[in-house]
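Just one chain follows, in the form predicted alone, and it is written as structure tokens.
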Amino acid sequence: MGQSMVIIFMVLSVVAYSQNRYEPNWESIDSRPIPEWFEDSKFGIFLHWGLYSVPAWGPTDGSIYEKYAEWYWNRLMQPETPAGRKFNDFHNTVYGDNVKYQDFVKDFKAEMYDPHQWAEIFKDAGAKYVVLTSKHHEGFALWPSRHAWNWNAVDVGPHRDLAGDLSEAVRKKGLRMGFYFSLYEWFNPLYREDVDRYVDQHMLPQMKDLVTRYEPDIFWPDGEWDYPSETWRSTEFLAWLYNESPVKDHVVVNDRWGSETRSNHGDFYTTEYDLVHDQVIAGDVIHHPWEETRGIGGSFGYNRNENLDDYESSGFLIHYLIDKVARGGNLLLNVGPTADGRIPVIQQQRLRDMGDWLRINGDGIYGTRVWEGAPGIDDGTTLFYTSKGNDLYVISTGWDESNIVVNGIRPPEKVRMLGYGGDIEYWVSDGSVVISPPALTPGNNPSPYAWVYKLSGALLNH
């Protein structure tokens, strides 16, 4: 190769490198395209597991946030608040006021924890990724973090790398693995005395250790609200994550990087029980990639105070997934394991029903995008729409024998109901496509929850 060609090659290499180099500021960080796998996946499993899984208690009344069993320690330290009084009354009655939260570590044993069984449950549920609380606001780490000496699951409690074992099992099932990580820690002395030293000497090293050790597909921070992203040095970490880390090409992150960042920065935005900044967002189409998080019940951490009526039905959860996907989002559905390492049977049952439905109807969910021509989504909506290439999917969440009329599309090449073996009658009338629902019987009904019509070739230039 001649000298001039070598110089040209070097210049082109530098240009290509600089184009993919992200600077530690939000304008640069936000310019990174989100890896496509995330928007294709649609459904993931959230796992809240820690010392709070030992008392496993929260009230079932009050505001959404007051029901969170994973906030047990925080509520104990706020006895003057309405929620704090409930937690303290329970704690003092059951354990006595001499038992401290830290004492629960001896009962967090995970003796029945089988990560391969968990991974099988999640795969059968139709989930495509899993996000585990590597460290919640209590600061207890589920991996052998040297920055949490004697306050991690290897040094004490289970004496086991809970995060590493699950990561390995999940990936063996072909699912992607991610980690939730709390930026702040309620009662860490360093955090309370000097947040800058905490970030520099504790938080950032922990985050980088988690990434380099397990190479997650998702990094899911939380607990960001006390300080702006500048204090957390979030763009500095993200520049490292996107430029130098072993996951730079495929990792995705959420929007919880500082008090000002939710719905403003991050690969995907997050909502929680249909709330963002305490505002209800149900019914809106969000055009930036986004993800809804919620529990099967009212808590993220396992709450043994919840009864059957506190858990959502399988039908509700399937309809909930459909609603989020039709509005351009993913659903990260939370499972709360017990302290001994079991997925509660009622939660397994809900997941199995979701998986059974997705095995038949997943073509209308996975890999789809919003159909821009869809009617608005209101509270009483029972028809939802997704698109994939030139195909349109019409999803009915309430069975109705009335004809379905779809406007703004061309005559499809074929219409079929996923999982149904018979023909679907349809015709064009005044420029609209009219679908006649089939006569379903217990013997040919593909689903008790929702029905998906695939209109092949109904969209042009999508």
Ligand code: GLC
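Just so we're clear, the structure is a prediction, and the values are computed from it rather than from any experiment. Residues carry their position along the shown sequence, with the first being 1.
The protein also exists as the form predicted together with this ligand; that form is not presented, and the subsequent description refers to it.
Only one listed stretch (237-245, 221-229, 150-158, 124-132) carries heavy atoms within 4.5 Å of this ligand in the model of the complex, and that stretch is 221-229. Using a 4.5 Å heavy atom cutoff, 46, 70 and 293 all lie near this ligand in the model of the complex. This ligand is not shown here, but in the model of the complex it comes within 4.5 Å of a heavy atom of residue 300. Contact check for residue 91: no non-hydrogen atom falls within 4.5 Å of this ligand in the model of the complex. This ligand is not shown here, and in the model of the complex it never comes within 4.5 Å of any heavy atom of residue 114. The closest non-hydrogen atom of residue 180 lies within 4.5 Å of this ligand in the model of the complex. Residue in contact with this ligand in the model of the complex (any heavy atom within 4.5 Å), chosen from 327, 350, 136, 265: 136.
None of 272, 168, 363, 312 but one reaches within 4.5 angstroms of this ligand in the model of the complex through a heavy atom, and that residue is 272.
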